[in-house]
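You are given structure tokens for the same protein chain in two forms, set apart as structure 1 and structure 2.
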Structure 1
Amino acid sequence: MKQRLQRIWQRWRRGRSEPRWLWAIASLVLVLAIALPVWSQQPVKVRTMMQALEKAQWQSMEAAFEAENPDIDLEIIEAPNDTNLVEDLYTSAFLLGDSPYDLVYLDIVWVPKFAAAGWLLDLSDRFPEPERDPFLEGDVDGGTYQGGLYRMPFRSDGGMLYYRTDMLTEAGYEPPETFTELIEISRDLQAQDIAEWGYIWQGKQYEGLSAMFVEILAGFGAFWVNPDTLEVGLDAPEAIAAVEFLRSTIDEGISPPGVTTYAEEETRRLFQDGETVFLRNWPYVASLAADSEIAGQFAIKPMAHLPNEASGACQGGWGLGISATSRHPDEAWRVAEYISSEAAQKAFILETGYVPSRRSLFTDPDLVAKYPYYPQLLEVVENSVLRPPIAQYAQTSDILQRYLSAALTGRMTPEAAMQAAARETRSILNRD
């Protein structure tokens, strides 16, 4: 075909008298005959965006995916490392009407907002119930909104209690199960000058405060917002008691006065420096502490709770959703399937130390050899509790942070603060 068109072209160039319009059509056909096969062989570009640090960590996985899928070019746009800024960039792109991203790399708390706005495709048909069983329940639940599934789980996260095994052994204690035991052990070890502080947690006014508090709420048998009924539980007696517990740790010197200004890193450093017995934090601390002076002298367990209540680990984590405006949803789904596969997750976790979303990987021999605490970590993350999966989550979290901070710093009583937080939250949710 190509040679025949070239001969026609040459004859016309020697002066044949066909009309110009016919000559133009033949020229176009010739160009298309040559170019179309080339164009059709070009890989489909699938775009997403993520923080600069994690983009660098994805390089090996990106290369492996493209080697197995040469028809897809996975392009990762670099964003700031600030999670809030990344959310704002995604939001701005969608509000402009035609997002350039085929895949959205989602923090778990973004899912309700993005799904309610119609920015994500429902993946329920692509990811049916039986295929979800190998994943942590909290990770799957965190990707759902009003019965639809909008996020493919990739890496998980969960809050937990760290404790110094050497300090507890020296004083003859077992790890605490209840809040009362945690306080009693802290007091005794402080009295013996074994540790300066008993219990460190994230008390700064930011999202980490909300994440920490849902664990204390769960331990007191309380709740924040019921996503099904939009009932608000912040002014219930159990929730007020949860705030009073945190405030008492400061008043009694179990926690330092500065804890109300601490985020994750400030608390981690105090724990690694040997200044505290107990620490509430995320799994990333374990890898860092294992390379510090307290290596081999700490362990992890689920958060403490009241005697008749259950422990709760704030569910965190990231995964991939497909943009509702994507021109390549099938190719985007292939990326999401690949990164959530057992092999891809294992390779990524071995390289980075993040937490997998597949249960089997917590007991994988290669991973356990590198991260010996993973079997205990599984016990923690299987007792997860979600921050309220509601479209107005950002506003409700801001309300909680403000009033909880006021209670913890003594500017309001716990009762007054939680009553005010509950009123404003009901107003946002139209539940007055």
Structure 2
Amino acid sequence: MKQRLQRIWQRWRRGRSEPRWLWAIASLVLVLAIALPVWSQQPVKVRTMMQALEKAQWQSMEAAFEAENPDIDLEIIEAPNDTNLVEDLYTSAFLLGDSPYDLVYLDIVWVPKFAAAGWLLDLSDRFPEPERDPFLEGDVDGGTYQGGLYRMPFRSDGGMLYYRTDMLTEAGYEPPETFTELIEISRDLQAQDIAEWGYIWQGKQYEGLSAMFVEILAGFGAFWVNPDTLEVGLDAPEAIAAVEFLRSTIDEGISPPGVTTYAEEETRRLFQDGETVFLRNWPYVASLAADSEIAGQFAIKPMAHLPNEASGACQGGWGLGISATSRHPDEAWRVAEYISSEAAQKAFILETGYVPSRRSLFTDPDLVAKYPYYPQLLEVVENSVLRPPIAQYAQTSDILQRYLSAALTGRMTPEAAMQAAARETRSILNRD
């Protein structure tokens, strides 16, 4: 048998006339013919980047998306939690040229800058007018720039006042409506040793400081920049009074001195650890605090204000834009469309307690069963205060953060700080 096989082999070798290289090419073609269909079935990678806290919370949604769309691999790169650090990372990527991100997970305040720089695709045709109706107006408007639409709204946001129901009940107080009530209750609960601190807010020099401050400005009847006329209101007496109010919370020991270094997460932890009666933060805190030692002992309400003024909730929120340099805009769009869908938003919100961008979800029975305050939240976010939607927003906010921080840490008086901030802002806005 063995000999027979050898004979066949030798006969075959003798009879073979093709040169070796031809065989090499034939084998390569064969390998490619088998491998190419396998390669082309590899999912397309669609990349984005977001804050670490949220990346973890996207896990189930990401898995559900990939299960329904096996041809797309959604890759989420983790970034720090402060919004302007994420903005800086995206900005450097775009300035370097070919951004590695197909999708930009955009804070509402970045839209004018990113759109004006030409870093995003106009989504107007993919997301035409009638399809925008079910979304909150502020979230859609916040995604537009000079008539184009650059961001699919995913989750909305609005600043709120959190308070400890048990502490207020113990001391016989109703939740405060005015700044004066907020201070008086704080002072009394601290004096009675019911609370360590009265009021905690985001005082670090970053975007969260500007977001928090527009609420205090609104409550004092002041404004930052009028987007239509570019008028600057920071040195008006009401705006200076707003800074004096914040500064007084530190001077009087109602807020800890460290408040000038806190971003959202530091303030959330202090609230959850039972350190304060009042907290200014976004709605995401509610579901996390519901799992903490203060569970069932807190509630939220609109921010305090002067007796003759109204509450202002800062309009925040996040959504997806498609990078102008993406090689996979269609696949990127499918991700943006998916996360904005009612079903995906609902599942995400049930898990995390973020604020929907679709109006119908605020009264969805399953969501209201879990978050009874959602119908009230709709009113708050529908009447929110915008940070000025202008292309120079990033520089304008930098100026405000710098001078506010100087005033809050005692390096400048509120008056001198706001006068300097107003001057610099005017010169930026009049330059273009």
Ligand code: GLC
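If you superpose the two forms and keep the largest set of C-alpha atoms that fall within 1.5 Å, you have the rigid core. Here, a residue number simply tells you its place in the sequence of structure 1, counted from 1. Everything quoted here is computed from the prediction, not taken from an experiment.
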- Since only one of the two is the form predicted on its own, can you say which one? 1
- Task: Would you kindly verify whether Met50 and Ala115 are assigned to a common rigid part between the two structures?
- Result: yes
- Note on the structure: Rounded to the whole degree, the smaller rigid unit turns between the two structures by 22
- Task: Superpose on the rigid core and then read off how far the CA of Ser99 has moved between the two structures, in Å.
- Result: 8.1
